[in-house]
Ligand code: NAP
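The data below hold one chain only, encoded as structure tokens and taken in the form predicted on its own.
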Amino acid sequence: MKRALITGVTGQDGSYLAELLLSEGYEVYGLVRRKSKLDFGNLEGTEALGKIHIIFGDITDMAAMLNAVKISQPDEVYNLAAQSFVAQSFREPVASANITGVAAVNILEALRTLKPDAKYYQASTSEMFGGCIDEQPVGFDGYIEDSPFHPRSPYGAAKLYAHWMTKNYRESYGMFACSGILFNHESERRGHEFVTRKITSAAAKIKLGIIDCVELGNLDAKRDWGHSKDYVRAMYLMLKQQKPDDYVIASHETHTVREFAELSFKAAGMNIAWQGSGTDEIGIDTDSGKTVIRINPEFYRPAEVDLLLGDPSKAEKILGWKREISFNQMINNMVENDLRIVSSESR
């Protein structure tokens, strides 16, 4: 039986990955940061919670990571832990650097010291590309593994440090260390602070009369969105290869935040018509005539990333990976889930 250690196991990706590995017959260990109130996040209510071994520890503490590796004796380690909310990284740049960047080296060092034969997966991100779109040639068809990086947030910069250190450990010590450069991926388990879940949850609450309106930032930012379930399967496939390498995981299509909002409200039974422009633009429910979307400049990033588009050709060819859940289906799943949650909570 293979043994896997997952950091960030209570998050969106961590919980889906734990379920996948358990279904493949793994013995799964999950690192959880102890809080005054015990919280297992997205593992709550899943069968996985009762099947995985919980190790309490903080990835920013080297001693804790040595202890986690000693206890789990992993064949595979998936580092999914991070301060992953981009907006928060501007408010807490040093904490984001330590949690998202430096902590990855704690894990790599712990493995090099105690379990150098373990396979390591680093959760890299499309935010590392950031503002590079202005540097791309005409006919740009998506970022690939060798595209230049230009992070435009403390989060992206911290992830880039972890990404390059993963390469460094692979090249310097011969470790099986690889990175998945994942573009935006969402699900019913996405945190409410992220714009996608904020939108689907608000659509459900507005439909059921709980709130009147939702405030958003840049409606025209374009992102390459997929479903978390598809993307954790790519992580698993990366560690099944004979040689470690880095892979872009993406849907190879972009949609605006505006389109995400329109489809979310449509899934909740409402049609949106837009009026005005800039920060005065509003979204109106065509049936009721009520304003259900407003713009709040506070939600604009200090440095915006206008477009993120990934080309997963390498992953499709070498890993045999294909996404299975479409953009529309992902939104429908999220809205249906939020309608159930809001309906249940309002009773």
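None of these values were measured; they are calculated from a predicted model. The numbering used is simple: start at 1 and walk along the sequence shown.
FYI, the form predicted in complex with this ligand isn't displayed, but the following is about it.
Q: 234, 77, 202, 81: which sits within 4.5 Å of this ligand in the predicted complex by any heavy atom?
A: Checked against the cut-off, the match is 81.
Q: Of these, 123, 158, 104, 250, which has a heavy atom no more than 4.5 Å from this ligand in the predicted complex?
A: Here the answer is residue option 123.
Q: Taking the partner as it appears in the predicted complex, which of 167 to 175, 143 to 151, 261 to 269, 180 to 188 has residues with heavy atoms within 4.5 Å of this ligand?
A: The contacting stretch is 180 to 188.
Q: Residue 13 versus this ligand, in the predicted complex: is there a non-hydrogen atom within 4.5 Å?
A: Yes, residue 13 sits close enough to this ligand in the predicted complex that at least one of its heavy atoms falls within 4.5 Å.
Q: Do residue 317 and this ligand come within 4.5 Å of each other in the predicted complex, heavy atoms counted?
A: Contact check for residue 317: no, nothing within 4.5 Å of this ligand in the predicted complex.
Q: In the predicted complex, does residue 9 have a heavy atom within 4.5 Å of this ligand?
A: Judged by the heavy-atom cut-off of 4.5 Å, residue 9 is in contact with this ligand in the predicted complex.
Q: Is residue 206 close to this ligand in the predicted complex, meaning a heavy atom pair under 4.5 Å apart or at it?
A: No.
Q: Who in 94 to 109 is close to this ligand in the predicted complex, meaning a heavy atom within 4.5 Å?
A: Residue within 4.5 Å: 99 only.
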